[in-house]
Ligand SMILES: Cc1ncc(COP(=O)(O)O)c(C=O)c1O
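Just one chain follows, in the form predicted alone, and it is written as structure tokens.
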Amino acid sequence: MYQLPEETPTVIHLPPSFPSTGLGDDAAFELLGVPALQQAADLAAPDALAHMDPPSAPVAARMAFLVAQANQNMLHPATSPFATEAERIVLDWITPYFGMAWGQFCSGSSLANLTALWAAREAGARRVVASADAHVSVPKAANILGLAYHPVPVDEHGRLIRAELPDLADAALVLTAGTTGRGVIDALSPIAAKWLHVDAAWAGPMQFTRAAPRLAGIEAADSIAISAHKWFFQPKGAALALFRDEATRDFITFKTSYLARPNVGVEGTRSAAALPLLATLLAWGQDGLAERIERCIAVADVLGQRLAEDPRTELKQMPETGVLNWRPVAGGVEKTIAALSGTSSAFTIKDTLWVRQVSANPYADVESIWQRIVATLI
């Protein structure tokens, strides 16, 4: 892994236009490598708890370097024989835990949601129905696919209100397992719809932990999206779209004369993202993965309890998937968020601003975070 030199400049000077003569590989790397790390948020810092962005697993980062160096094209198995096999292995390992028959890698869960809803449209869905707190990729996917979009109100905790659902005979219903703002899980129990999709981008990997019962019912979905660069601790650009019915593959498959095999899904060329994930799963095992996710959940639970008991703070609700929403009773939420830079973000619930903290960092230290919070309340 690249390490910063002991003394580094804080400012670099780059040419104002495309230079005619290059610096050379080593010089360019040294020049840009410093700010690339020095001016990046440290997602593994003891008090990093702001977003759904965990640090990459060390073995995944190392494997990602090899993936970039080989630059294999997953459209052509002849150029990526082992990477193609790695995809099959990872999907064979993961899909049974969700009751799914097959799946594919995507460059992010927004594309996984689009892929799933494309399959839903081909299966006859004419509308997309989702929680008002669904991820923005869901209404975007509906718009791209030319499908009507119907947001459903949420209750005081942020869950989709099932009593408010319209007729779903021609609809793809999207349930969320871990909303972006509050981290809540919609009720996942089976419901009659043309297509049932679960956006489990955030909470999906909880299926491998002691918190798996919180995802009860997910196996009834027709499709599931999971972000690998969240609680699978992968570099950005990796997600899974999983499907319950093998026949669904035909809905999203195109053939062409210049490819050795049919192209499945939205993307053409994509990276060998399965290799870093396979390396991580091999390195950690299911126990190691579960331990890291459970550690994240425990950090949020401890902070949630302290925030609930402190008279200076108001906790919106106890975290369900490691996401906290709270605010200082005395006001000044904006000032608090600014003071907790790197440790918090902002989220608005019914026109009220809340401090949002997301426990995605398995290296987070409760006491370090709590001391920063307390310092803003004095």
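All residue numbers refer to positions in the sequence shown, first residue = 1. Not measured: the values here are computed from a predicted model.
FYI, the form predicted together with the named molecule isn't displayed, but the following is about it.
S.K.: On the criterion of a non-hydrogen atom at 4.5 angstroms or closer, are 234, 280 and 286 all touching the named molecule in the model of the complex?
M.R.: Result no, not one residue of the spot touches the named molecule.
S.K.: Have a look at 59, 52, 333, 315 for me and say which one sits with a heavy atom within 4.5 Å of the named molecule in the model of the complex.
M.R.: None of the other options qualify; the answer is 52.
S.K.: Answer with one of 109, 104, 271, 248: the residue that has a non-hydrogen atom within 4.5 Å of the named molecule in the model of the complex.
M.R.: Filtering the options by heavy-atom distance leaves 109.
S.K.: Within 4.5 Å of the named molecule in the model of the complex, counting heavy atoms only, one of 114-122, 87-95, 68-76, 221-229 shows up; tell me which.
M.R.: That would be stretch 221-229.
S.K.: Closest heavy atom of residue 180 to the named molecule in the model of the complex, within 4.5 Å or not?
M.R.: Yes, residue 180 sits close enough to the named molecule in the model of the complex that at least one of its heavy atoms falls within 4.5 Å.
S.K.: Using a 4.5 Å heavy atom cut-off, state whether residue 201 contacts the named molecule in the model of the complex.
M.R.: The answer is yes: residue 201 has a heavy atom within 4.5 Å of the named molecule.
S.K.: Given that the partner is absent here, does residue 131 sit within 4.5 Å of the named molecule in the model of the complex, heavy atoms only?
M.R.: So residue 131 does not count as contacting the named molecule.
S.K.: At 4.5 Å between heavy atoms, is residue 80 in contact with the named molecule in the model of the complex?
M.R.: Close contact is absent here: in the model of the complex, residue 80 is far from the named molecule, nothing within 4.5 Å, heavy atoms only.
S.K.: Of 111-142, which residues get within 4.5 Å of the named molecule in the model of the complex if you count heavy atoms?
M.R.: Residues within 4.5 Å: 113, 135, 137.
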